[in-house]
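As structure tokens, one chain now follows by itself in the form predicted on its own.
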Amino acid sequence: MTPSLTWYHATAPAAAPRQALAGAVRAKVCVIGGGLTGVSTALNLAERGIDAVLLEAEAIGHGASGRNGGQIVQGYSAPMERIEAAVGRSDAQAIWDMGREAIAAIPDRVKRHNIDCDLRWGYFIAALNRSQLADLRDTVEQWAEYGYRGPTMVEGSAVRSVLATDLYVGGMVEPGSGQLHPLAYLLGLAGAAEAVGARLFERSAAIEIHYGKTVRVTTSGGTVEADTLVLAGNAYLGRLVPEMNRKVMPVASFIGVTEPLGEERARRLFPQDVAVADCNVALDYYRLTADRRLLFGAGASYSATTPIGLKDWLAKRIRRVFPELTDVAIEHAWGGLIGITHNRVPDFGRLAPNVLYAQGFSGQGVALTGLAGTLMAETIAGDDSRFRLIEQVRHLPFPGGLLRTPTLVAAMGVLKLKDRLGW
């Protein structure tokens, strides 16, 4: 799948292209990846006075951080009982609290760096059947056990107080989650990182890594020598680091943005102006933009295949939720890759004492990437106590070789069937 530019790129504040790496440079830390994980790491390091160089293969925000749904989601893609089974109740509580911290950091960063990114709060997780509704009730109870009591449940006709559709049987209203323009947010963080001393290079793909006490990263135009390496490419890291590649699966998702709906129609369809996701494995996720367009995402393709006639495919998904939107054109459509792990818990770890990585945010990276940047900077600064909490979660590799994609496509087909049957 060849990435295309997005509505975010068309509407984000203009950013002058950054220089490509040329020649040899020295830094305390080299970061590979110019998305939210890498930029957050570089910003946190520079704020601590640690010299950081960041290498991005394309432009800042070319990957998932410039093409995701812009949804800030509470918690983790994995249920907390899965995390608790891996690390114990006490450490699971600490990991939950760090997830809450990751969300709280977003408005703090927005205010501190004066980032105009359309940050809004309010979220609705929608149930398509009674089984999903029961699971959401369990989630509300589970989160309360971890100290978070924000969500409330709605059911039946009460759904229309949140969303003007008859598709859902109920859902969870979650005031602590929200939405933003992810590329504008990322570009604001990148500018903040540079303002405190981080050096960011674009069109500087890492093509070779030499490990050792000093790490050397080679690009087509130069080299970076550093004491520590941070790998922050997630699903876009490719085969540069095979031992990481086996533990994360790139999954394609697709987004369309309509022409403006108009203020009256937008208010009627979204009475509470919430961001929305349903409970299916191959979920729909959508929200209003600041200028009252519908931004609608769908799909989960392990084969990374773009549907033929992407705009028409997305339009059918939109009409399933809002049948009245037959007259609204989709003006922008694109796809991108999400990095998922086998257990849907983010994979934080070390390939060597001086090589850290974070990947596999499994659809909840807008907030958790910021946490990754904070924890990796803390570790490099000398305190890895919080990084170790998540690092201890064991991650199984996905099937390898020629069977990797066919096996996962078949598994996804089974899960999608369960969604349709309401199991």
Ligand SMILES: Cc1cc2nc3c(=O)[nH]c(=O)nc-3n(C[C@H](O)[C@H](O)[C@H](O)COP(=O)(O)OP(=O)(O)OC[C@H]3O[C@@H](n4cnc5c(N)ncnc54)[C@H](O)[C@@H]3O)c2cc1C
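If you're wondering where the values come from, they're calculated on a predicted model, not measured in any experiment. In case it trips you up, residue 1 is the first one in the sequence shown, and so on.
Below, we turn to the form predicted in complex with this ligand, even though it does not appear here.
> Can we say 214, 354 and 377 each have a non-hydrogen atom within 4.5 Å of this ligand in the predicted bound form?
Replying inline: Judged in the predicted bound form, none of 214, 354 and 377 sits within 4.5 Å of this ligand.
>> Please identify the residue among 99, 336, 256, 171 with any heavy atom within 4.5 Å of this ligand in the predicted bound form.
In response: Partner contact (heavy atom, 4.5 Å) among the options: 336.
> Which of these residues, 43, 30, 371, 366, gets a heavy atom within 4.5 Å of this ligand in the predicted bound form?
Replying inline: It is 366 that has a heavy atom within 4.5 Å of the partner.
> Should residue 177 be counted as a contact of this ligand in the predicted bound form, where contact means heavy atoms within 4.5 Å?
Replying inline: Judged by the heavy-atom cut-off of 4.5 Å, residue 177 is well away from this ligand in the predicted bound form.
> Do residue 76 and this ligand share at least one heavy atom pair within 4.5 Å in the predicted bound form?
Replying inline: Flag for residue 76 set to no.
> Does at least one non-hydrogen atom of residue 162 fall within 4.5 angstroms of this ligand in the predicted bound form?
Replying inline: The answer is no: residue 162 has no heavy atom within 4.5 Å of this ligand.
> Would residue 386 show up as a contact with this ligand in the predicted bound form if we use heavy atoms at 4.5 Å?
Replying inline: No.
> Since the chain is shown here on its own, which stretch among 188 to 196, 146 to 154, 322 to 330, 203 to 211 would lie within 4.5 Å of this ligand in the predicted bound form, judged by heavy atoms?
Replying inline: Selected stretch: 203 to 211.
> For 6 to 42: residues with a non-hydrogen atom within 4.5 angstroms of this ligand in the predicted bound form?
Replying inline: Sequence-ordered list: 32, 33, 34, 35, 36, 37, 38.
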